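Only one chain comes next, encoded as structure tokens, the form predicted on its own.
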Amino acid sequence: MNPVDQELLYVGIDGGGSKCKSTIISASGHIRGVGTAGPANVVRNFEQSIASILESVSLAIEDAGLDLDCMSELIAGAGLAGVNLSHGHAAISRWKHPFKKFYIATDLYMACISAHAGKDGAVIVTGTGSCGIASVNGTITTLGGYGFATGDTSSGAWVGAQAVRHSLKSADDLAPKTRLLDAIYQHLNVDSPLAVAEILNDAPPSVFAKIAPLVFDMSEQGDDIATGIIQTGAEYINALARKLLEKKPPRFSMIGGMSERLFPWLDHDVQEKLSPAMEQPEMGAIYFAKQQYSLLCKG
């Protein structure tokens, strides 16, 4: 092990439906290393999540120029997709982690902490999944976050899935023609509806999320079906935002891979309330880890 001058090292882990990013930071606030790996939704694929956590932390250690055995000295905070569900939380809580300490919470809560630099605020996440949270005066309100099969409206996975469904109906002449069909064929390197179904029927949300940018591209080219999908998603985000704003958060942000392209579709009153996130989500996990470790030391 070779941490600098034996200073405490923290690692913040942000594990979502498409990727897991880890950042190592010293107790004095100096970023030492960053690593990124695959998906880390503990409900959808627990083994994959663990592999992604370990890979992203190992890459961060390598980036920091540290020895891999220093993992056992890291104080880890992890915001993970799926932890909001009881069986996801139970599964990760049972994991025999390799860290000095391991503190977990939802990726949504960590994103809220980071977006407002540890202070009160609200966040909507529009990435592979979608959800919202407000943290005001010690009260936490969460909306959405129910997963691909039962929610996640306006997420990348939802947008992609809607595009596929409309396109396959179009291929069967049961819906208006859409440029999305050819765009999806090209994206998947196939040439028939059955080939699309064979690839996507058992695909995880992250695969559908990769189709979402095509929907925005086709909308910009005048495709009415693509535009309708985006408008429906934007209506949901508008409603989600207004419900969170009822909690009177001092700041409000929207983050995630869909946020930049979705922003222009939101109503003006929602747009004007949004402020850029102050820090990356994995920094929220570090805030959380520092807080929890400090409480442990005081106790």
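Start at 1 and count along the sequence shown; that's the residue number. Remember, it's a predicted structure, so these values are computed and weren't measured experimentally.
Keep in mind the form predicted together with a further copy of the same chain is missing from the figure; the text below concerns it.
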Review point. Pick from 221-229, 143-151, 93-101, 117-125: which stretch has a heavy atom within 4.5 Å of a further copy of the same chain in the predicted bound form?
Key: 143-151
Check your understanding: Quick check: do Ile25, His30 and Arg251 each get a heavy atom within 4.5 Å of a further copy of the same chain in the predicted bound form?
Key -> no
Practice item. Could you work out which of Gln186, Ser72, Ser86, Thr139 is the residue within 4.5 angstroms of a further copy of the same chain in the predicted bound form, going by heavy atoms? Key: Ser86
Practice item. Quick one: from Leu266, Leu240, Leu66, Ala37, grab the residue that has a heavy atom within 4.5 Å of a further copy of the same chain in the predicted bound form. Key: Leu240
Exercise for review: May I ask you to check whether Lys210 falls inside a 4.5 Å heavy atom distance of a further copy of the same chain in the predicted bound form?
Suggested key: no
Check your understanding: Would Arg44 count as touching a further copy of the same chain in the predicted bound form under a 4.5 Å heavy atom rule?
Key -> yes
Practice item. Determine whether any heavy atom of Asp202 comes within 4.5 Å of a heavy atom of a further copy of the same chain in the predicted bound form, and answer yes or no. Key: yes
Exercise for review: Report yes if any heavy atom of Val190 sits within 4.5 Å of a heavy atom of a further copy of the same chain in the predicted bound form; otherwise report no.
Suggested key: no
